[in-house]
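Below sits a lone chain in structure tokens, taken as the form predicted alone.
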């Protein structure tokens, strides 16, 4: 896709809703946000715009004496770097663009985000990275998300509905109270393995776009017990056997690396196209810090970089985060 322009924006918190034990959905309002697509992400500064950050100053020190250290960055923990978050949704309103972000409270930065209230100001950079490519008109999108890899699948579901594409969502979590989705009350008792591996309109975020879902939990507290990759295999073998509809199917995945690696294996073994939204620690999100390297296959081993080798490194933030499964070297 052609990359949309990016920028730095001050956004206003519209809502911050707890989703489960550790997850929350943050809605940010921003004026004149560039065009964005599912798979892209933003970088969030997890500190208020008026908070005092690091300040250059001289430390006087004499040999043999303990230096007197000053400054907020030395006296307490601070979020020095921005955090990358996939877009979970986008809406145009009279006031501007609303962006949905789903986070998990696991550290200093995400804890700050989880405590934001309507009206608070948040500094972001985006949209960043490349995006998913939609399946063909007569195809079907099979969206596989695990944990905090579920949000870009919600945004993709919006786009599928907009262009009249079909889809099925496969969402995995360790247990029900770590599932960052809204389950219909009528389906809360869904535990039969036969029913659980049949796509249901039981997840509000996907059902709103007419897309059914299959939920798995490691402990069986909801949906099918086991890994989401097992549910994907079962669905493919039952609903898309060899030579039946596989040519138009595209698998999309984001989540833990071991899960994505297994999804890639499943797709490649069945000759199904697969797009992977990789996750890496990113300090800048724009290719400057070079911290998010990922190993990929080269089309021509004789061309640079690393001429003579059949692989090279790319950056998840600018060359990705979306890569074709056959290109990745795990």
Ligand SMILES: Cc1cc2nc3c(=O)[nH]c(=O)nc-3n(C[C@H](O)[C@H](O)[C@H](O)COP(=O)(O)OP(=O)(O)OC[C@H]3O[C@@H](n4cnc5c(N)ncnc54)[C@H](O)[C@@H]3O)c2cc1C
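Here the structure is a predicted model, which is why all the values come from computation and not from measurement. Numbering follows the first chain given and starts at 1.
Below: the form predicted together with the ligand, not depicted.
In summary, the region of this chain contacting the ligand in the model of the complex, judged by heavy atoms within 4.5 Å and restricted to 259-267, 300-308, 272-280, 28-36, corresponds to 272-280.
Site residues 145, 172 and 181 are none of them in contact with the ligand in the model of the complex, judged by any heavy atom within 4.5 Å. Contact annotation for residue 212: none of its heavy atoms lies within 4.5 Å of the ligand in the model of the complex. Among heavy atoms of residue 84, some come within 4.5 Å of the ligand in the model of the complex.
At the 4.5 Å threshold, heavy atoms of residue 200 stay clear of the ligand in the model of the complex, well away from it. Taking the partner from elsewhere, residue 109 is found to have a heavy atom lying within 4.5 Å of the ligand in the model of the complex. The single contact residue among 102, 168, 125, 240, judged by any heavy atom lying within 4.5 Å of the ligand in the model of the complex, is 102. Taking the ligand as it sits in the model of the complex, the stretch 22-45 comes within 4.5 angstroms of it through a non-hydrogen atom at just one residue, 41.
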